[in-house]
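The chain below stands alone, shown as structure tokens; this is the form predicted alone.
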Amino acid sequence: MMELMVGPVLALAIGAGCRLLDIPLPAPPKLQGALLVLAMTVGYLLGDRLLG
């Protein structure tokens, strides 16, 4: 349960830090790239659930 809370908090902290420091976001600017990141995240979570 703690892992589910840490992920979004860490993502928000990285996004806020990039915005405050005027650093480009470390994420793809296209929808296809964002969907790829989402697919990798879902695959990671499913793998963790099935194998862990």
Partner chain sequence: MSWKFCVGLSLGLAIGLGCRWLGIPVPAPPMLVGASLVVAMTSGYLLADHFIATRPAHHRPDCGGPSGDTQETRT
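If you superpose the two forms and keep the largest set of C-alpha atoms that fall within 1.5 Å, you have the rigid core. Numbering follows the first chain given and starts at 1. Computed from a prediction, not measured in an experiment: that's the story for all the values here.
Only in words, not in the display: the form predicted together with the partner chain, which the text now covers.
- Interface residue remark: M2 is not counted as part of the site for the partner chain in the predicted bound form, having no heavy atom within 4.5 Å.
- Contacts with the partner chain in the predicted bound form, taken as any heavy atom within 4.5 Å, map within 33 to 50 to G33, A34, L35, L36, V37, L38, A39, M40, T41, V42, G43, Y44, L45, L46, G47, D48, L50.
- Remark: with the core as the superposition reference, the CA shift of V6 between the shown form and the other one stays below 2 Å.
- Annotation for G17: C-alpha shift under 2 angstroms between the shown form and the other one, rigid core superposed.
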